[in-house]
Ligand SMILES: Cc1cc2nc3c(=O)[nH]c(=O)nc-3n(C[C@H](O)[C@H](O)[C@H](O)COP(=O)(O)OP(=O)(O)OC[C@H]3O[C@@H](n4cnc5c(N)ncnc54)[C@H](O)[C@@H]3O)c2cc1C
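A single chain, nothing else alongside it, follows as structure tokens in the form predicted on its own.
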């Protein structure tokens, strides 16, 4: 099957009948019609439709080297700089459609799977079968254009440095058995974004593992299964799409990605879907040896550029709307945002310019600029939201609803809430967009998401410190110290 369209995606998700629980009730019926999910499903469907636009077909798809069918560019393993550029442009084309607000748009996990699929031989330390499983799964997903969710982390029971789970009941999901049918997983994992709106879930290792006292490694596993696998359950948080109109919640009504807790109740994972099962070396080297970091971070930063540009557009429109462009503090704030956007572009340019072929024959961005980006963006995104608040000020709480404007109050609201450019209804529509971007539940979740998307900021700093090669600079200082005085 070639790249799917939006309706094919919707039909497939509806047919799964995934076990999803929302506000204490199991969801029945079509998930695409449920108030908490229909907005994001419709938005994601538009992404798939974009692959079929005649003027974008060559950018958004490529011919499979397996079937010859056109499949999504996000699965493309770049072999040269042109491929890497094509990936960037297609990522940003999708991001423009979602204003950069879909952090888990399909291209994120498609990219991750591409890195694992092309480096599958590293899993031979577990077994040749596991390596073949990964290769076949990559081909299966890309040829059928599946939508994926994933989970990286364990429940936050105790974040102490030396915590070892000793509860009489299993909390963090682990392998409890291996038999003729596969491995058996029991417990919970966090935090599957779009857990109910995808075809399958990939479960990645949660980090470096050590054997338990008995020598077993129950948390060293990786696999992929359909979302409707028996024993698999998704428990949602409160939805930030409150069923309001696009006027009232212009972003939340379209792009609310549900985050879910994933519960595995004695779930059997068939052997042909198992990638790691107990091998510490495969578990602990998966991310470093696969090319996962440079490619997924490249995708993320490309998306973040588009997202930041959209916020800049909101800011400038607010400035124009209330006629405050003459003030120097406004110039300073907007300049701050421009510097942030251009820095992100610089990270991408530098990573692509210094890209090299990795050991698996995949042309990969230089990780150093991308490591810097993981430190930079979590700091500037909350500041961008703050700047919107400082520009909008009290206008961000003077935001009647669409129902108000459809009532007899409309003449009063159009008069008293008008701006230098617009009548009250149009001005409020803009200010509600600004509010939804930075102050609503949806906007606040976006801030939290960007703060911690890459992980703990302090650990990220340690990662950058450890991986950034500074030897040549120290050598330069040493050479200077050895030189004779002038």
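The structure displayed is predicted, hence computed values, not measured ones. Positions refer to the first chain, counted from 1.
The same protein has a further form, the form predicted in complex with the ligand, not shown here; the description that follows concerns it.
> Here the chain is shown alone; which of 373, 192, 141, 274 has a heavy atom within 4.5 Å of the ligand in the predicted bound form?
After the contact test, the surviving option is 192.
> From the list 58, 65, 33, 456, which entry has a heavy atom within 4.5 Å of the ligand in the predicted bound form?
Contact with the ligand in the predicted bound form is made by 456 alone.
> Would you point out which of 147-155, 359-367, 317-325, 393-401 contains residues with a non-hydrogen atom within 4.5 Å of the ligand in the predicted bound form?
Result for this chain: 147-155.
> State yes or no: in the predicted bound form, is some non-hydrogen atom of residue 174 no more than 4.5 angstroms from a non-hydrogen atom of the ligand?
The answer is no: residue 174 has no heavy atom within 4.5 Å of the ligand.
> Even though the ligand is not shown here, does residue 289 get within 4.5 Å of it in the predicted bound form, heavy atoms only?
Although the ligand is absent here, residue 289 would stay clear of it in the predicted bound form, with no heavy atoms inside 4.5 Å.
> Is residue 254 close to the ligand in the predicted bound form, meaning a heavy atom pair under 4.5 Å apart or at it?
Contact with the ligand, no.
> Could you tell me if residue 303 has a non-hydrogen atom within 4.5 Å of the ligand in the predicted bound form?
Flag for residue 303 set to no.
> Assess the spot marked by 16, 17 and 200: is the ligand within 4.5 Å of a heavy atom from every one of these residues in the predicted bound form?
No, the whole trio is out of contact, none within 4.5 Å by any heavy atom.
> Going through 432-456 from first to last, which residues have a non-hydrogen atom within 4.5 Å of the ligand in the predicted bound form?
If the 4.5 Å heavy-atom criterion is applied to the ligand in the predicted bound form, 432-456 yields 445, 448, 449, 452, 453, 455, 456.
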